[in-house]
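Encoded as structure tokens, the following chain is the form predicted alone, with no partner shown.
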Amino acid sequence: MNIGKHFSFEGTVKEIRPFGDGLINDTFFVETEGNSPNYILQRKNKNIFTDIPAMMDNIQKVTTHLKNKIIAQGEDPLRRALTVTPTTDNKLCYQDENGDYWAACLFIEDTIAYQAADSPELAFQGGKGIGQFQAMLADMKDPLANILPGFHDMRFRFQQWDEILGKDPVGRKAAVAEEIKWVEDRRNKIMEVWEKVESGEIPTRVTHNDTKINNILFSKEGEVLCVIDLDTVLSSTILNDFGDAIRYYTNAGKEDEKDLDKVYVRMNIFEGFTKGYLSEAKAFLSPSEIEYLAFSAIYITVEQVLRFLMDYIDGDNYYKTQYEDHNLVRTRAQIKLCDSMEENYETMKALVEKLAK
């Protein structure tokens, strides 16, 4: 692969080979000879990220801020934060002859990544990792580009929803009347929270926006090292990060689980994550953020129900599907998960209030 010659890699490149199974970008491992560092090289998905230079600028701003904090703490910035590797002409990404953008970063050696949090202890570490990430960026003033317009914007999402329901392009609407009603029953409450974000009552901060546990690297001793996959960093509410993490971490089933008896909130995982998160984040959170922290899990899950169901009604144009009703299966699994969250909401809220003191 000749793309490697456009980056300022130390040493001699021995091999560039596919790496991981990410769904968005094409990722490669760059192995160098001798004692030179290794790297990660990615072809960024220009269909999802329409302004990749702005995205890379966001990443550089965030990692620079993080590294300054890490150095001040006397720790290793090359292990505790992502390091962007510039091109040979000192840019943050390279555009090839096909118009594709490539970016590279230092590979952090001797780390562990987990695909799921199956214990409260691991959930605690995941929560701690996201809490640390947000805490170190809480005082960042440098503005970030909005590289995903409309992302988590519920006013925008419901506008899309109303348009697609009005069109019913493939005639599926009548068959999902029950699921549509489920969403509509929650619209006012969701918009009430979003209006608090729009007014500034719930503040906007630097957020990660993809808080799955596999976006955190751990040391071999099990300690949080570094939050990775920063393509989606932008200015939003931290409720998105917390809520989506809870949606991922606590679900006893799969996101597209057909057996709904397997789908429910694991409250021990919720408690573990929340303890870890608030151990780092409670120092900077505002009262309004703490008030809606538990509800953010419901908020984000309703949004995901809306997006899966909207795509199903629209004819499956956004999410990749493996069979005809895949988006409907996803919808129903997320509805079951949200129902479980609502059943446990008062316990979740009381736990947040206790841990935030």
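Each residue number is its position in the shown sequence, starting from 1. The shown structure was predicted, so the numbers you read here are calculated from the model rather than taken from an experiment. Between two forms, the rigid core is defined as the largest C-alpha subset superposing within 1.5 Å.
Same protein, other form: the form predicted together with adenosine-5'-diphosphate, not shown, and the subject of what follows.
K.L.:
So which of 280, 153, 229, 257 gets a non-hydrogen atom within 4.5 Å of adenosine-5'-diphosphate in the predicted bound form?
P.N.:
Flagged contact: 229.
K.L.:
Which one, 234, 135, 105, 164, lies within 4.5 Å of adenosine-5'-diphosphate in the predicted bound form by heavy atoms?
P.N.:
Only one listed residue qualifies here, and that residue is 105.
K.L.:
Out of 286-294, 36-44, 60-68, 309-317, where are the residues with a heavy atom within 4.5 Å of adenosine-5'-diphosphate in the predicted bound form?
P.N.:
This holds for exactly one stretch, 36-44.
K.L.:
Indicate whether residue 16 is a 4.5 Å heavy atom neighbour of adenosine-5'-diphosphate in the predicted bound form.
P.N.:
Although adenosine-5'-diphosphate is absent here, residue 16 would stay clear of it in the predicted bound form, with no heavy atoms inside 4.5 Å.
K.L.:
So in the predicted bound form, does any heavy atom of residue 214 sit within 4.5 Å of adenosine-5'-diphosphate?
P.N.:
Yes, residue 214 lies within 4.5 Å of adenosine-5'-diphosphate in the predicted bound form.
K.L.:
Would residue 183 count as a contact of adenosine-5'-diphosphate in the predicted bound form, using a 4.5 angstroms cut-off between non-hydrogen atoms?
P.N.:
No, no contact at 4.5 Å.
K.L.:
In the predicted bound form, is there a heavy atom of adenosine-5'-diphosphate that lies within 4.5 Å of any heavy atom of residue 93, even though the partner is absent here?
P.N.:
Residue-level check for residue 93: no, no contact with adenosine-5'-diphosphate.
K.L.:
After superposition on the rigid core, does the Cα atom of residue 75 shift by at least 2 Å between the shown form and the other one?
P.N.:
The answer is no; the displacement is under 2 Å.
K.L.:
Could you tell me whether the Cα atom of residue 255 shifts by at least 2 Å between the shown form and the other one after core superposition?
P.N.:
Superposed on the core, residue 255 moves its C-alpha 2 Å or more between the shown form and the other one.
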